[in-house]
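In C-alpha cells, one chain follows: the form predicted on its own.
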C-alpha cells in the first residue's frame, strides 16, 4: 500500500504569464480530488505542471517531502501516471499493448502481468483487448488509457477529462472505481471533469478553477 503526500507550495502555473494565481494545497493518500472549471480555465495546464511536463513560473511541487525537480524522469514515472484527453489512432497497436505500456515505468520493459490483467478487468475492456486502436471508439479509448494508468501502479494518478465520450453508466462506474482504488490503495487521484453531477458523491475533495483562481470547494459541495 502506498504512503504518499503531495504538497503544492506557492505554485504559479502558466507559460509567459501566470494562468492561475498562487496555489498552496496539501493532499494525502486516500484522496479522489475532483477538479472542475470551464474549458480554457487551466485544468489541463495545472495537471501538466503537477506531472512535470510543464515547468512552473515559481513555487514547488513536493512529493513525500522531496521537490519534484529532484526526481529523475524514471523516478517520476514511478510516482505519477498521467492521462491526457488525446486519442492515438494506430492500426498496429492494440488495446492490450497500450495497457502494458503502463508497466514500462516499473520494469523498463513492456510486460503482461497481474497489474495489466487487473486493469483490463477493472475497466471492463476484456472484449476489445486485441483490437487495434483504429478499431475502437473514443469511449473505449478513454477506458484503455485509464487502464494504462492503473496498470502503472503509481501512488499518484492524474486524469484529464477521463469521462469524455463515456456513456452515463460508464461515467458513474469510473468514478466509483477511482474512489475505491484511491481508498483501498491509499493513492492520490486527481481528476479534471465537467461531470460534477456524476462524481459529487464519489470525490473526497473538490477544487474549482474560475477567473484564474483555484479554490478548495470541498465544504460547499456538500
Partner chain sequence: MFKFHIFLLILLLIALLGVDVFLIPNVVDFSFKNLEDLFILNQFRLPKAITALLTGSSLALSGFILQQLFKNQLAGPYILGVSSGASLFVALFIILGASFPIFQSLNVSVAGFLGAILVLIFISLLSFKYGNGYLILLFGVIIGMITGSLQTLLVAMASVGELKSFTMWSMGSFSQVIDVDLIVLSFSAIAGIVWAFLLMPQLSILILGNEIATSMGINPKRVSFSLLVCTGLLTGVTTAFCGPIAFIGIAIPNLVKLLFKTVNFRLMLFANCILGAIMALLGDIVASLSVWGFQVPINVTTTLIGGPFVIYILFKKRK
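Remember, predicted model here, so these are calculated numbers, not experimental data. Residue numbers count along the first chain shown, from 1.
Separately, the form predicted together with the partner chain exists; it is not shown, and the next lines address it.
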| query | Hey, of 166-174, 186-194, 28-36, 66-74, which bit sits against the partner chain in the predicted bound form at 4.5 Å between non-hydrogen atoms? | reply | 66-74
| said: Each of 53, 83 and 152 having a non-hydrogen atom within 4.5 Å of the partner chain in the predicted bound form: is that the case here? | reply: yes
| message | Just checking whether residue 93 would be counted as a contact of the partner chain in the predicted bound form - the rule being heavy atoms within 4.5 angstroms. | response | yes
| Closest heavy atom of residue 128 to the partner chain in the predicted bound form, within 4.5 Å or not? | no
| task | Consider residue 136 of the chain shown here, and say whether it contacts the partner chain in the predicted bound form, taking contact as heavy atoms within 4.5 Å. | result | no
| said: Please tell me whether any heavy atom belonging to residue 179 falls inside 4.5 Å of a heavy atom of the partner chain, as the geometry stands in the predicted bound form. | reply: no
| request: For the heavy atom contacts within 4.5 Å of the partner chain in the predicted bound form, list the residues of 11-49 involved, in sequence order. | output: 48
